[in-house]
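The chain below stands alone, shown as structure tokens; this is the form predicted alone.
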């Protein structure tokens, strides 16, 4: 679905964080982005999400068509849930969801939205302003919205941060169910999240990405043993 060839990303000239690597995301799959702190996971996600413009790539193709990350037609096909999001603090969840659905020209599937709200145990907070919500409940606002859009590409940067146990378990269910609608690129520092949801791992190390197929329900550490050091 998304094919990126030899992408370089930097903050300062001549000091690339991502060093000319390839990235590919399959249709209707879950890709786990793995790497140590500072490896560049969020930097890569920010570039794909068009909030970091210091990058160059030999090729960026979405469903076979050439794009830039800043192209409106590409942005209409992806939504990102960032690690931290402090925008729209005086809006309610209902206001935000309606605004985003309109921006993406999507009609809400009320039954699916209700399923997400119930699963994340968010019902009593629908009319609260985001500034009055806990960190975890603010994260749920953006997660519910992202899933509700049902876009071809949903990007999740550390989606488990701030979530309680039950919400984390539901998140895994929602991620696996999303493959009926599109693909997910997810970064996480929690091994269990890869084990329960991912079809393959993208290991970001020394500015390069390697890819490995994995099997759900099998201890992820045993599947990656030796590969992480390779």
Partner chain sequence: MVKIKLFLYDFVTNRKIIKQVAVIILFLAASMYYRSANPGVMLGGAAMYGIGLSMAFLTTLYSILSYSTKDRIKAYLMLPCKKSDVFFAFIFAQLFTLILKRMSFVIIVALLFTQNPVIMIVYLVLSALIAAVLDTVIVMSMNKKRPFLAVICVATIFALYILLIRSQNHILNLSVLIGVALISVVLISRFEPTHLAINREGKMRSNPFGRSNYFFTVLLREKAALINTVFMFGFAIALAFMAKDQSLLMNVVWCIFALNTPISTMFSGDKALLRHEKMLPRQSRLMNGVYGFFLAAYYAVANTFTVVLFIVVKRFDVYVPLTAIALVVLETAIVLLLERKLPIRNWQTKQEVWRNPRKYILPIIVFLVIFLPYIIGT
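Predicted model only: the values in this text are computed from it and were never measured. Residue numbers count along the first chain shown, from 1.
Here the subject shifts to the form predicted in complex with its partner chain, a form of this protein not shown in this document.
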Next on the checklist: Taking its partner chain in the predicted complex, would 139, 166 and 220 all count as contacting it (heavy atom within 4.5 Å)?
Outcome noted: no
My question is simply whether residue 49 lines the interface with its partner chain in the predicted complex - judged by any non-hydrogen atom within 4.5 Å.
yes
Original post:
Is residue 147 one of the residues lying within 4.5 Å of its partner chain in the predicted complex, judged by heavy atom distances?
Top reply: no
Can you work out whether residue 100 and its partner chain are in contact in the predicted complex, taking contact to mean some heavy atom pair no more than 4.5 Å apart? yes
(message) Taking its partner chain as it sits in the predicted complex, is residue 79 in contact with it (heavy atom to heavy atom, 4.5 Å or less)?
(response) yes
The stretch from 166 to 174, 179 to 187, 64 to 72, 192 to 200 that lies within 4.5 Å of its partner chain in the predicted complex, judged by heavy atoms, is 64 to 72
Across 97 to 132, the residues having a non-hydrogen atom within 4.5 Å of its partner chain in the predicted complex turn out to be 98, 99, 100, 103, 104, 105, 125, 127, 128, 129, 131, 132
